[in-house]
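One chain comes next, on its own, written out as structure tokens in the form predicted alone.
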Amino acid sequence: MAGEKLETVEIVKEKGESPNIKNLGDFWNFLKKELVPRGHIATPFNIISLPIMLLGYVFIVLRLAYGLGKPVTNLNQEYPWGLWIGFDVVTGVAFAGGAYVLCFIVYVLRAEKYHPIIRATVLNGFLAYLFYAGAIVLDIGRWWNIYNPMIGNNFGVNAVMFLVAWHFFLYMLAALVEFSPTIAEWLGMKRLRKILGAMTLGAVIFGITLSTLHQSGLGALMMMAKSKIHPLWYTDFIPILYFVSSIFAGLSLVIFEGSISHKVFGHQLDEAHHKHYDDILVGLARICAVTMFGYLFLKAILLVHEHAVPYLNSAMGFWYLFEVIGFILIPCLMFISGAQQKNTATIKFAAILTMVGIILNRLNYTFIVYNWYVPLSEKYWPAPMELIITASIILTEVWVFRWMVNRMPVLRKPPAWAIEKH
């Protein structure tokens, strides 16, 4: 019955029919129907992810009730930036960079080839900011004071934290406006869809501007720890490195997540999307290769400019080369090879390596090479509860993404009445 219901809903969506919502009662009835699970519930993914999510929620309550001390986290005065800042926030925002890059390519450069994946990319970016920015609450000792950076209390309006907080908030609004036509189509609100569609280009330009600011702004936060970050990683150009790396980090996630969605939600895609998807991956690989080459060139210049070359002949130097060569240079060459030969398997593997490299880079700044002179036995490493909470946040985002894609015209074509105005 669940499979028949899903098939019926998909047929209705493909015909372009919309819910007949005339009042608040109709809306709630429609929403209750949409909240009903579709398809098989006891899937391997659900069976594995649901217990982790529930356990993570319990740990979140414990963290909010009892603070950041043990056993919830291993954070201390010497290591204030842990997994939640290093991965949930700093790395997560870098991966969300695919949204502003794709929006620039599609809406500003008018590269229509990438239009089939723009909605899924914007949705992923919006959810990333919503969940990862929300993770900041977990990392603040007195979490009820989360509003302080927004009003400049104890920071001042000239502080980097004030700017980053507002950039986060405004970009989430911009991403919501960019995605809102999809929500209007889902609800069958034709007049609202027309209004929101007219706002898209303005929201895109505003969002791109904000992205260049807060991607680099996160890098500026790292500059406040000059005496604690190893000289091979510290530079006055960290904001630029963060911004450039967010381009290929975001597009690598688009390749990775898009490849999974292409299989999981393949029944929603039309024949043209299936036919041209490989060309989309090749195009994204070329963009990644170009930006990664620029990033490597900038890293080489800074290595000389900052007089950091002598540090390469050390344990930290070998770790630096492992990051740069293993997860930037090699994936860059793989992207080039994959694009030239149109080998999507190579491109996908390069995207995975690049994502690992971005995670490694951001964690290096926040705790691996942070306090680099401290003995290994005294360094911070994430506590089990920190790992489970992070996993629960990521899995919750996946569940929300899946729910929205299965109900809204994210990957499938918009309703017939909306295509003319699309």
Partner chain sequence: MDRRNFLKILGSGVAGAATGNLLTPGRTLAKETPSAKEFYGILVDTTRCIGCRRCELGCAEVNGLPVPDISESKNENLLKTIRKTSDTQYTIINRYETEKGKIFVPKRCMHCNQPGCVAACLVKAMRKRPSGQVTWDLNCIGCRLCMISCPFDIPKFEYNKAIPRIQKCNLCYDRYNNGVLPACVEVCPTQALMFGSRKQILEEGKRRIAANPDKYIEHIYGEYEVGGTSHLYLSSVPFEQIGFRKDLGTVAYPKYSTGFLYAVPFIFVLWPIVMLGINRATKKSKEDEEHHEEKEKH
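Residue numbers count along the first chain shown, from 1. Keep in mind the model is a prediction, meaning the values are calculated, not measured.
What comes next is about the form predicted together with its partner chain, which is not displayed.
Checked against its partner chain in the predicted complex, the residues 269, 312, 183, 205 give one hit for a heavy atom within 4.5 Å, which is 205. For the candidate set 293, 349, 104, 265, a heavy atom within 4.5 Å of its partner chain in the predicted complex is found for exactly one residue, namely 104. Residues 81, 153 and 234 are all found to lie within 4.5 Å of its partner chain in the predicted complex, as judged by heavy atom distances. Interface membership of residue 38, defined by any non-hydrogen atom within 4.5 Å of its partner chain in the predicted complex, is ruled out. Its partner chain in the predicted complex is approached by residue 70, whose closest heavy atom lies within 4.5 angstroms of it.
Of the heavy atoms in residue 391, none are within 4.5 Å of its partner chain in the predicted complex. Among residues of the shown chain, residue 148 is one whose heavy atoms approach its partner chain to within 4.5 Å in the predicted complex.
From the list 86 to 94, 106 to 114, 127 to 135, 324 to 332, the contact stretch for its partner chain in the predicted complex under a 4.5 Å heavy atom rule is 106 to 114.
Heavy atoms closer than or equal to 4.5 Å to its partner chain in the predicted complex belong, across 197 to 229, to the residues 201, 205, 206, 208, 209, 210, 212, 213, 216, 217, 220, 221, 222, 223, 224, 225, 226, 227, 228, ordered by sequence position. Relative to this conformation, a decrease of 3 Å or more in the Cα-Cα distance between residue 155 and residue 206 is found in the predicted complex.
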